[in-house]
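Single chain ahead, by itself, as structure tokens, in the form predicted alone.
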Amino acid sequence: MQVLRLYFRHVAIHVRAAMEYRASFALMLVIQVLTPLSALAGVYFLFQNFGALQDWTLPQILLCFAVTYLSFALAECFGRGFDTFSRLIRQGSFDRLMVQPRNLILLTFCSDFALNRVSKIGLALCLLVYAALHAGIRWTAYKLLVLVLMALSGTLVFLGVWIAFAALCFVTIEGLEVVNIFTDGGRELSSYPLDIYLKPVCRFFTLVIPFGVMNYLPLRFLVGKAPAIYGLSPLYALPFLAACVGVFYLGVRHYRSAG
């Protein structure tokens, strides 16, 4: 409980700081929804031209799209400290975190918040509700739980990728653009069911970097294409996140101050 209180106190501080420039904050809220809206327009025009994507309907694709963008927006909002981790290393601010008597993961989370991403979260939630109502799914308590797990596990997967690649900054000092292949690229890739891609791609992004377990496998269960056990696949995000945290602390052990 003390950890949560500390975390939400930092969130409140960042909220008050953002509200000092309300016009700028409001403008950023509007700008942040342009990217998902443009991607959503691409999905719509795709179906206008082709009618269907393999055997997936437009509402089913939108459900996959909404879960991915909701997960990414949540991870981007609350995991900003890891997304910009190279700045902490380059400025020497990570040294200050290391001497504080708190968990390094928590302190890094508290170092920065992208609060203007809340507009993305709101848009994704609206789209998620719309898609869920029109995807032809007979909802039960278990299926609603699976839907919640999909969004939460997706958030953990994106956070895990950022945490793991943050460990590279202990060696490179600067962040690597290759990370965007697995974050922004992973967001775009997992916005569609993985079975539309080649099998090696599908396997890699299911077993190694588990974007598939956050939406594709449980989505197959929701629409009646797979057994109920597929609904538990989002739980794979927990050991994945644990492994990423282990990689981060391995990097901490070999950290040398940048000055």
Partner chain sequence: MRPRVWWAVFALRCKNALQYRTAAWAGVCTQFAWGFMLIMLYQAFYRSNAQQSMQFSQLVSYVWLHQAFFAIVNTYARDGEIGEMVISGQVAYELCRPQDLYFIWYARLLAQRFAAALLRFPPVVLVALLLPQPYGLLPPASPWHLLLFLLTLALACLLITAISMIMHTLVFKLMNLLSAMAVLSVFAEFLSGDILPVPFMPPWLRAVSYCLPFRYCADLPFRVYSGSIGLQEAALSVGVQLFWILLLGLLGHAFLSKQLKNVVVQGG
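Positions refer to the first chain, counted from 1. A quick note: this is a predicted structure, and the numbers were derived from the prediction, not measured.
Only in words, not in the display: the form predicted together with its partner chain, which the text now covers.
> Given that its partner chain is not shown alongside this chain, does residue 228 nevertheless sit within 4.5 Å of it in the model of the complex, heavy atom to heavy atom?
No.
> Heavy atoms within 4.5 Å of its partner chain in the model of the complex: does residue 145 have any?
Taking the distances in the model of the complex, the answer for residue 145 is no, it never comes within 4.5 Å of its partner chain.
> Given that its partner chain is not shown alongside this chain, does residue 204 nevertheless sit within 4.5 Å of it in the model of the complex, heavy atom to heavy atom?
Residue 204: no contact with its partner chain in the model of the complex.
> Considering only heavy atoms, tell me if residue 131 and its partner chain come within 4.5 Å of each other in the model of the complex.
Contact with its partner chain, no.
> Using heavy atoms only and a 4.5 Å cut-off, determine which of 167, 189, 137, 74 is in contact with its partner chain in the model of the complex.
None of the other options qualify; the answer is 189.
> Run the contact test on 83, 238 and 242 with a 4.5 Å heavy atom cut-off to its partner chain in the model of the complex and return yes or no.
No, none of 83, 238 and 242 comes within 4.5 Å of its partner chain in the model of the complex.
> Only one of 154 to 162, 178 to 186, 119 to 127, 137 to 145 has heavy atoms within 4.5 Å of its partner chain in the model of the complex; I'd like to know which.
The contacting stretch here is 178 to 186.
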